[in-house]
Ligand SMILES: Cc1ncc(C[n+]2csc(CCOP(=O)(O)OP(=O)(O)O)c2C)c(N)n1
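For reference, the chain that follows is the form predicted on its own, supplied as structure tokens.
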Amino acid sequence: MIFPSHRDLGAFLVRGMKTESVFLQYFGRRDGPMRGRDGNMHMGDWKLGIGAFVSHMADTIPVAAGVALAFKVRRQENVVLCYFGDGASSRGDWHEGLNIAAIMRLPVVYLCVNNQYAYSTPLDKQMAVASVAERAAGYGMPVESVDGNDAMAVYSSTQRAIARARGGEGPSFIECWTYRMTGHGSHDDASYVPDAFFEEGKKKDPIRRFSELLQDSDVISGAEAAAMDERILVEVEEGLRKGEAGALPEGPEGLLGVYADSEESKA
């Protein structure tokens, strides 16, 4: 299972969610993952192993621990990956979730996408320690800090953590240092962020770096990379078209699945 945050669209796509489904969600359409009853990135798909995200940034940390506990009780080899930002680590449920995961040695990997700003609050105004990993280490679990803009560094660290979880060694914590290259949202001009921060982020663009690595390693050619970019653009445009064309839910459909005794929940 994965529990992505609101900026982890790549995780949704890797798990099998279609581009069309993402746009149906954005437009609140009936055939979207949440059937038009929530917006933006507040979505999930249990069949794809994706837990839904809501705006309270640390709320999925204890939920991820609960799902990992279910895997442990059932003696399944499944592992939970839970994503969040640096700001989530300043909430109480973050600490409670990590604590129970560590005490019970649960098979969960906590992935902190540290973009160094919780909305407009820089890291040094959030905590007295130098990193979120230092906070996590206090709960007695292995921690790693990696360059979050280096795809292979993140992959390698995650694979080590998953192996530990499957081996019964309990949770791990990975801090991925990265950059938020815009404001918190479209309403935010990010005027509080120094220009040097954005300049440094541009130099470490993860997509460009990974593409160059693949080409330098003769995994793909420049022409193949360009063709891939073109295919992605076509897929996005097609998904956008289908999302806009999708039907809106009818009024009574808004109540389906909301209450435990509803017909949808019985099905």
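Start at 1 and count along the sequence shown; that's the residue number. This is a predicted model, so every value here is computed, not measured.
The form predicted together with the ligand is left out here; the points below concern that form.
Only one of 81, 165, 174, 118 lies close to the ligand in the predicted complex, with a heavy atom inside 4.5 Å, and it is 118.
Only one of 95, 72, 180, 160 comes within 4.5 Å of the ligand in the predicted complex through a heavy atom, and that residue is 180. At the 4.5 Å threshold, heavy atoms of residue 148 stay clear of the ligand in the predicted complex, well away from it.
Shown alone here, residue 56 lies within 4.5 Å of the ligand in the predicted complex, counting heavy atoms only. Residue contact check for residue 184: one or more of its heavy atoms lie within 4.5 Å of the ligand in the predicted complex. Although the partner is absent here, residue 91 is a contact residue: one of its heavy atoms lies within 4.5 angstroms of the ligand in the predicted complex. Heavy atoms within 4.5 Å of the ligand in the predicted complex belong, among the stretches 81-89, 102-110, 165-173, 150-158, to residues of 81-89. Counting a residue when any of its non-hydrogen atoms is within 4.5 Å of the ligand in the predicted complex, the hits in 5-27 run 6, 7.
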